[in-house]
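Take a look at this one chain, the form predicted on its own, written out in structure tokens.
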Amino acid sequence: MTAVGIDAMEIWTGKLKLDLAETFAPAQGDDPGKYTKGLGLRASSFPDVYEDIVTMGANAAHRLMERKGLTPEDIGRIDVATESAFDNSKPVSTYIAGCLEQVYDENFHHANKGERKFACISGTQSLDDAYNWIRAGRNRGRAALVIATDTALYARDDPGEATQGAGAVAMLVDEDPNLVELSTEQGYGSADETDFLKPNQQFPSVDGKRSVNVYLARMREALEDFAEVAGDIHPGDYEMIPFHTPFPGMVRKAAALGYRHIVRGTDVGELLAEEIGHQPMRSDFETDDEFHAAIKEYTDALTETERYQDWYANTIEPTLEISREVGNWYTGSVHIARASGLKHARENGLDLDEARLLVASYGSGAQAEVHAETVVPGWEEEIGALDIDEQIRNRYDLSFAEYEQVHDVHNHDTEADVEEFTAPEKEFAFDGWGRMGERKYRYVE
């Protein structure tokens, strides 16, 4: 069976930066450690005045197509995943295709275009759609563009404000990929939840504590479901585990839960039992409260062991490096994590040919998906082509007053006349409004 997976990817971060420790924390009267240590974030990225989910997605896709030498005729479908859409009928993919048609002689008139919505997991669901389309033989030799693009804004003074971010990830899904091959095995955990939602509103309504608990519960279910089809899981099976990363502090909790699950019944589990005792079992306790208290005590002890900390440092920590600098990108979050881990491996001379990744995606509302990916020869060249470090370095560093202005610019309920902070160059930019209220775009040479 021909391998299908991600052949290449590109990342486009918003051009503005908010330093959480130096700028945001003092303005909020907070200890910088609340953000750098608690959340695990150093900075957030924001779109400039002329940027939005269309420009960021189109710029990432254009860069990807140019690097791979592709034309619109090579693309059979364009799937956009976002929870920042501004139209309830016209999908963002049509806007992005329209942008790209400004710079190519051909068009995308014969490409299937769509938009996926299920909070942050829709980026992975779009990958699944593209994978299934190719597997079904309906692609006619063409590839799919999957674009995850979001501006993750919260209302001012909301507890989630520090986790904001903006950017896009474009992925080329094709046969015989040069980055990762997707597995057929998937595990799901899904339930009707109201942990995070936007009922006809731009900014989310969030139950913070519940959101964390729902995230962990769905991840546990997805991991259990994945094990049903993939077989027994050992902590040494996967080189890295990219998680959906709303902020790195959330991943710390998810990683401990996941590790606790995958060491059960393994040699690693037995070695840990000699050190900190066996994992608590529900049957050993009279009440749920007693059981949950015991689980918390065990998990706290687990994360203090050298064995766990070494595993976390090698398997999880490398996937968080980009997110620490850009914040939450919603649908692109887990795909940034994958890129971050592979980038770390390349920069540190790690041989990942045929290594396996365990990718853990999540979307509020709520659903988690766990699937495996195999890193294929050619990955180093593909990851080496990313210029995300340069993009991060070159962002305009906002003052707090400027941040307030930018927030107003991208607030749909606020009219703000703010000058752009950077100049667009060789990229797509917002160009005003059309006669029916549609957004218009142009390519800036």
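Only a predicted model underlies this, so the values are computations on that prediction, with no experimental measurement involved. Numbering starts at 1 and follows the sequence shown.
A second form of this protein, the form predicted together with a small molecule, is not displayed here; the remarks below concern that form.
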Any non-hydrogen atom of K209 within 4.5 angstroms of the small molecule in the predicted bound form: yes
Contact label in the predicted bound form: D397 to the small molecule, heavy atom within 4.5 Å: no
is_contact(K37, the small molecule) in the predicted bound form, heavy atom dist at most 4.5 Å: yes
E404 within 4.5 Å of the small molecule in the predicted bound form, heavy atoms: no
Triplet G33, R252 and Y362 all within 4.5 Å of the small molecule in the predicted bound form via a heavy atom: yes
Segment assignment from 310-318, 158-166, 93-101, 350-358: heavy atom within 4.5 Å of the small molecule in the predicted bound form: 158-166
Interface residue in the predicted bound form among G189, P177, P246, G258, criterion: non-hydrogen atom within 4.5 angstroms of the small molecule: P246
Candidate from C120, V173, A337, I147 lying within 4.5 Å of the small molecule in the predicted bound form - any heavy atom: C120
